[in-house]
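First, one chain by itself in structure tokens, the form predicted on its own.
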Amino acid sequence: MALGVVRALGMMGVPVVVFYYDDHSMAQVSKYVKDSVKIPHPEQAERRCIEMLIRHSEKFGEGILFPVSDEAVAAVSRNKRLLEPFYTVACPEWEITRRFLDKRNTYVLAKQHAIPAPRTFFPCSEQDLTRFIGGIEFPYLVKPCQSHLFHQRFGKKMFPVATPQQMLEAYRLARSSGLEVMLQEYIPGDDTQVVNYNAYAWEGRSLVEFTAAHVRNAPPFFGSPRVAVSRDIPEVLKPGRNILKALGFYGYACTEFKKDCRDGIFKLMEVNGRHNLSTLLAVRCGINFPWLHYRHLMHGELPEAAAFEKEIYWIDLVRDVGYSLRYLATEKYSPTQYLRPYAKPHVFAILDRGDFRPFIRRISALVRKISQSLRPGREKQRNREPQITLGK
């Protein structure tokens, strides 16, 4: 996410400083970055993180602060009043932020405003869960209320479950890690049924809109996009506008929907109130959301609606190659389907001949990760966690 914002602003001549907290980060080595600072993790050491941001404002001067991960959004939003004397903060107040970070709030609002969403239940105990199991048909999903915490712990977005026992196991596993979860019906359909509604909202209106469809996800069915394509998807404009208005959201957000083949209706999956993974797709198609965001907050230029180029692909090369090889037997795409995004007009998530160092850093981090996973004892550790999959 950070790399997309760095390039989107840097190519417009904006001097960029990156505050990073993950050793695997790559945005800080982009040619567009003037300086970078490693800071404490915003979730694990929130107070020290905020103090360091404030301290470094003296060095870099007044600027706009873009938090581009869920944990960064949470920390910055909670401390927005402390940061505002030093930065223009590009995220809403905590009262709004908690509504989309905690998915329980999002789905409650969706129901109140008649925005289609999957059937969702919030168990408070195993007894609640047992009562719920008696009235559903599997498969189902055990999803986190706060996605970034769940992903940090398990490395995935959710647990798909096909039996009552799997649901109970997944619930216990999440609760033993101190994470709250919800139970949600599985919307049938492959990755191509998932779409993104991207918008810049202000004072209850979506001023600039951009829509795209997922092509392949990582992992398939339950992951984030590894290939996406810009498309005109008018069916998600109204529900996308309505959920942002219901949240009271302003700024940039990427809202995810999935088309339910049973009734043909797009159902709300989640709202990401930050610049997203495929930021550079919209930029390539003619809508530079980070630049619009910057010009609005720093110079008072209210963004205006604009047309965008269609059928442009966005490709996360490393993940697409890796997951395509891993799921070659199960995805069952033809060679033409695999290669089409590369043959058509496209933009890569990381690879850029004019800004090559982030890609080198990404490959190096991947090699280290593979090396670590092969160390003795790692396999035993992985095997202690239940393997929960969606049964046929």
Ligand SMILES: Nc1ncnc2c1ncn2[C@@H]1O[C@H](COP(=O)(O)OP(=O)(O)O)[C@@H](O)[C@H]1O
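A residue's number is simply how far along the shown sequence it sits, counting from 1. Every value quoted in this text rests on a predicted model; they were computed, and no experiment measured them.
Just so it is clear, the following notes concern the form predicted in complex with this ligand, a form of the same protein that is not shown.
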**Study point:** Segment assignment from 159 to 167, 202 to 210, 218 to 226, 233 to 241: heavy atom within 4.5 Å of this ligand in the predicted bound form
**Key:** 218 to 226
Review point. In the predicted bound form, do 118, 143 and 269 all reach within 4.5 Å of this ligand through at least one heavy atom apiece?
Key: yes
Check your understanding: Closest heavy atom of residue 103 to this ligand in the predicted bound form, within 4.5 Å or not?
Key -> yes
Practice item. Could you confirm whether residue 186 comes within 4.5 Å of this ligand in the predicted bound form, counting heavy atoms only? Key: yes
Review point. Taking heavy atoms and a 4.5 Å cut-off, does residue 316 contact this ligand in the predicted bound form?
Key: no
Practice item. Answer yes if any heavy atom of residue 147 is within 4.5 Å of a heavy atom of this ligand in the predicted bound form; otherwise answer no. Key: yes
**Study point:** Interface residue in the predicted bound form among 91, 287, 194, 312, criterion: non-hydrogen atom within 4.5 angstroms of this ligand
**Key:** 194
Revision key, fill the gap. Contact check, 325 to 358 vs this ligand in the predicted bound form, heavy atom within 4.5 Å, ordered by sequence, gives none
